[in-house]
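The data below hold one chain only, encoded as structure tokens and taken in the form predicted alone.
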């Protein structure tokens, strides 16, 4: 896995592969100064420590003072950090630091909006693997800062039998059988279902979790009732019920009211608008 230091180094190299021509022409080598980082719109702040590491990578003696904690809701025009050090480093690191801050704060902010609608019903909002390549660890961190939870970090973390796996195996039952013959007993097994017939089949396979994929709200309610009645009749523990697909801020509360346990939302990472944040030299 790529380390954060390596990621920051590559981001700085991308932005200034042969140096910062403008800054180097204007600023003397040892000139020092300070800059403030200001949030321009309301939202959840996330990534301040990463911004600090950006400036440290360019000037090990730089100092970053923060005026908010990760995950705090901050209002527009609030100063969230102050950086002191070599002006060359501050100016060269400005865009890279802000890119991290804006992206992660945007994800945290959108996540919080979903969480506020679902949490009164004890339903977790979780992310997906629909993340920016090589930024997954940061984007999933931002989800947690927004009050959400993480789904699998990678394909190595757990079993999720998806629609294409079922097509290959020809049925839910056969897919589950193949998985159980290969994986160790401590791994949970979750099955993605496309209709109530597959929900019934997953129940009969005694899986740990069932994902209702692209179900409308009425179908979700019927699936919840089916699972409840089947488990009561069989004396079985209820599997976790997860909903995914076509979830948005307009329908997430209605979905949370159906009795499911988890709602996974790809848009909180792949479509979150960046929070507007700027840096100003003092």
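Everything quoted here is computed from the prediction, not taken from an experiment. Numbering follows the first chain given and starts at 1.
Quick note: we don't show the form predicted together with another copy of the chain, though the next part is all about it.
Enquirer: Any idea which of 179-187, 111-119, 195-203, 77-85 reaches within 4.5 Å of another copy of the chain in the predicted complex, heavy atoms considered?
Expert: It is 179-187 that comes within 4.5 Å of the partner.
Enquirer: So another copy of the chain isn't shown here. In the predicted complex, which residue out of 145, 212, 175, 125 has a non-hydrogen atom within 4.5 Å of it?
Expert: Checking each option against another copy of the chain in the predicted complex, the one that comes within 4.5 Å is 175.
Enquirer: Identify which of 63, 249, 26, 231 has a heavy atom within 4.5 Å of another copy of the chain in the predicted complex; exactly one of them does.
Expert: Here the answer is residue option 26.
Enquirer: Would residue 240 sit within 4.5 Å of another copy of the chain in the predicted complex, counting heavy atoms only?
Expert: Residue 240: yes, in contact with another copy of the chain in the predicted complex.
Enquirer: Residue 227 near another copy of the chain in the predicted complex, any heavy atom under 4.5 Å?
Expert: Output for residue 227 is no: heavy atoms all beyond 4.5 Å of another copy of the chain.
Enquirer: Quick one: is residue 158 in contact with another copy of the chain in the predicted complex, heavy atoms, 4.5 Å cut-off?
Expert: Residue 158: yes, in contact with another copy of the chain in the predicted complex.
Enquirer: Indicate whether residue 68 is a 4.5 Å heavy atom neighbour of another copy of the chain in the predicted complex.
Expert: No.
Enquirer: Note that another copy of the chain is not shown here; using its position in the predicted complex, name the residues of 8-40 with a heavy atom within 4.5 Å of it, in sequence order.
Expert: If the 4.5 Å heavy-atom criterion is applied to another copy of the chain in the predicted complex, 8-40 yields 9, 10, 11, 12, 13, 14, 15, 16, 17, 18, 19, 20, 21, 22, 23, 24, 25, 26, 27.
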